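To begin, one chain is listed below as structure tokens, in the form predicted alone.
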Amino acid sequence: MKVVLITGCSSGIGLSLAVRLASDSSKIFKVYATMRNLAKKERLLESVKGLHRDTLEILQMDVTDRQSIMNAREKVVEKRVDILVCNAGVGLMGPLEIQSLDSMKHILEVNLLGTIQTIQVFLSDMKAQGQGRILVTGSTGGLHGLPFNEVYCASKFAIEGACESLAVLLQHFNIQVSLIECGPVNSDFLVNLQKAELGDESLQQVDGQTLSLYEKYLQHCSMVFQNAAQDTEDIVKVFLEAIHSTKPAFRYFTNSVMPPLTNLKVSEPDGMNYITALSQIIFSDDQ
């Protein structure tokens, strides 16, 4: 059996992927589904309905706490992880002026440092095994900047750099690194998103023009999620493609809507055409 450890399994992509792999009819996966708060495990247990006792284990693991990661590693009965899925992540949305230092630190600690130190803990074993897969839940917000998501995008841009750097090195150890680049997804990520709502007291310190643009941005987001958001099962299919591939790619896009913007950054490296295009998409009155 391939041993799979997944972070962020209390909901969304992590939960759906854990259920799918543990339910594989050929029983080729042993899944360790981890989450920071075990009080949230009931949703996962309900999804598997007790049918996968031999293919699924639920472990407590906080990606911001190195000792917690080490403890989870010690509880892996097989003493190896063949496929590591770094999926835990959080979002932060609103004008930059209102973001507290603690909020910004939290985003970086989960999305960036949490992912990196999770890989750190399992990397030596993978190198010793001479094989492994590392899959990271990426975001189109790590490929191009989004207004009012500056810190979130900073964390995801950094993950792109970390994974790209690792991929170059780890091919020499027969370890493949893949980023699953997600656009908008219908999941609890939105529920858990730290977002400034119109009317919040914190927005009183923001100038009128910024507030007007933020209102337009929220309208744009609402339209995008209504018309283009994917279900977690759509994302899981892309993860499965990467997992089953004998020669996995470094990047997988889950949504065909976003790559043209990414291509624009590559084809027009001075950046201005991209910035103009995204501004028109988001803030134009006839969006």
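Start at 1 and count along the sequence shown; that's the residue number. A quick note: this is a predicted structure, and the numbers were derived from the prediction, not measured.
Although not depicted, the form predicted together with a small molecule is the subject of the following passage.
Asker: Quick check for you: of 212-220, 166-174, 80-88, 124-132, which stretch puts a non-hydrogen atom within 4.5 Å of the small molecule in the model of the complex?
Answerer: Partner-contacting stretch among the options: 80-88.
Asker: Is K41 part of the interface with the small molecule in the model of the complex - any heavy atom within 4.5 Å?
Answerer: Taking the distances in the model of the complex, the answer for K41 is no, it never comes within 4.5 Å of the small molecule.
Asker: Verify the contact flag for G138: yes if a non-hydrogen atom of it lies within 4.5 Å of a non-hydrogen atom of the small molecule in the model of the complex, no if not.
Answerer: So G138 counts as contacting the small molecule.
Asker: Counting only non-hydrogen atoms and a 4.5 angstroms cut-off, does N255 reach the small molecule in the model of the complex?
Answerer: No, N255 stays farther than 4.5 Å from the small molecule in the model of the complex.
Asker: Report yes if any heavy atom of E150 sits within 4.5 Å of a heavy atom of the small molecule in the model of the complex; otherwise report no.
Answerer: No, E150 sits far enough from the small molecule in the model of the complex that none of its heavy atoms falls within 4.5 Å.
Asker: Heavy atom within 4.5 Å of the small molecule in the model of the complex: which of C182, L179, M93, I107 fits that? Just give me the one.
Answerer: The residue from C182, L179, M93, I107 that makes the contact is C182.
Asker: Could you check which residue among E241, D234, E57, D62 gets a heavy atom within 4.5 Å of the small molecule in the model of the complex?
Answerer: Looking at E241, D234, E57, D62 one by one, just D62 meets the 4.5 Å heavy-atom criterion.
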